[in-house]
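To begin, one chain is listed below as structure tokens, in the form predicted alone.
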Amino acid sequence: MTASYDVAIIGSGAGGGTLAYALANAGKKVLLLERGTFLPREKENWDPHAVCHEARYNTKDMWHNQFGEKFNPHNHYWVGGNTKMYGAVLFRLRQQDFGQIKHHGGISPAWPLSYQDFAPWYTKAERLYSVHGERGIDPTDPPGEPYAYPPLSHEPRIQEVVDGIRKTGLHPFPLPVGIRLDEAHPETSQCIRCNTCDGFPCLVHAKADAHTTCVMPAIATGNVTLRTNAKVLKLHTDASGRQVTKIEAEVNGRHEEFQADIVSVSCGAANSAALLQMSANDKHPKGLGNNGSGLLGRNYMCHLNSAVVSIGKKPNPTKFQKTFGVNDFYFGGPGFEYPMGHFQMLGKMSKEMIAEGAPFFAPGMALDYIAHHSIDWWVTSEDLPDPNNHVEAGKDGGITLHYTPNNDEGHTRLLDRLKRLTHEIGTDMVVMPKRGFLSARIPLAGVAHQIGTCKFGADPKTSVLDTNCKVHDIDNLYVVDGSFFVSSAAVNPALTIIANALRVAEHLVSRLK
């Protein structure tokens, strides 16, 4: 048995990596177990064919859907987790998102804590992750401190799009983006505004991912022991079932065991739920955290997302395209009183990326034209918590993801609004029947926004975690990642995961005193 630690953290992504950083800087002895290793720095980091077509940095795991069909989830097991590949758009949930909201498809439930409870942690998270932005332009922007870093500028073609959208009466706003960019001094800026940021690893370490922002600085304190290639297999409890006493793992192919006063499961919503299920024992026959509510692994959410391409007559030579969003339809609009969601710029699509969704007969010259003229969009709407949407771990550790999309009407309406808008500004959406070419819903494998499998709350009968993200019926077990979400809202979840990790870290530091 290895030495004990104050806290053992399983997973080094937005939740686990940030938690490790905060605890290490508070002087706590931390063990960080990461299933993968460091993502290699290589020319392929910026190669669309390697990243998109070969899926070079995806896990090779295969999951199943509820029909028994296999699929390869777009999960990334590296130091830094899925943040190594994210677009670094770091939104706060809207203030109203913390309350109950009526949707066309049902009710989005209230959270046990309010926006005011999260606001100071959002500010800390934005500063830690170098978020650039500007308050007060987005009509749904919640109250908060000014951003520490100025908004990103728009390249000329995107500025024309922004100006065109403003003329329609909408309010395009600068996206909150976490990158280490100094536009006033480009000669010394870490970020070089390349066209391979969104969905790619950053070769120059300028993206504010959990690896570069939190894990490496945490290791530098001398308080963190990082073990890579460490796949945790099971958590063991004492005879009472109230304490996790041992972490069983396979490290570089060898069996190892670890101990810590406190354990945080931070593997991402699907894998965290699966690990807790695989840790079932006599006191917890259906998995750690499931006994009180029966909700462990349930209420999986991932948003309703679409990637959309519109084509204008003007070329679009933009490199760093992900600089603005539109939230005017977030809570509804004329003719539809229910929330729809938002759209934002997608990273600039290359010919190779567009070819992934194109019909086999699409000629190369057509794809060239599209790539050089496209304006690329990411469209997000809220999916609602449904206990039937759930994660199920097999005895061999394999994952089955049961998921049926819901609340579709708002997303359909939002896509229609975008279609009309792109026509109005002269960049028509391209859609082909059945295939959905260039207007593609993100499939089940798109798990980048996975949340909700261990919802938090005050009542053990209706939640897996308490409001500090501790498992209700186990005294030293926490879940600190996207699992705690009660509802999905309709913005990227990463900043809320980061802010919550900082919040829980303060609680743990106080507890460990």
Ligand SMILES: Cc1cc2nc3c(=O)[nH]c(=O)nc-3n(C[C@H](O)[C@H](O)[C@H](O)COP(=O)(O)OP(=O)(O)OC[C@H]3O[C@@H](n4cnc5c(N)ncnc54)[C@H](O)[C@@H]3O)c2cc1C
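For every residue, the number given is its place in the sequence shown, counted from 1. Predicted model, so just to flag it, every value in this text is computed and none were measured.
This next part talks about the form predicted in complex with the named molecule, which is not shown.
Across the proposed site, Ala14, His76 and Gly87 without exception bring a heavy atom within 4.5 Å of the named molecule in the predicted bound form. Considering the named molecule in the predicted bound form, the lone stretch of 111-119, 294-302, 226-234, 161-169 in range is 226-234 [heavy atom distance within 4.5 Å]. Among residues of the shown chain, Gly452 is not one whose heavy atoms approach the named molecule to within 4.5 Å in the predicted bound form. By the criterion of a heavy atom within 4.5 Å, Lys28 is excluded from the residues contacting the named molecule in the predicted bound form. Contact annotation for Gly199: at least one heavy atom lies within 4.5 Å of the named molecule in the predicted bound form. Contact between Ile474 and the named molecule in the predicted bound form is not found at the 4.5 Å heavy atom cutoff. Site annotation in the predicted bound form: the residue of Ala24, Val504, Ala494, Ala489 reaching within 4.5 Å of the named molecule with a heavy atom is Ala494.
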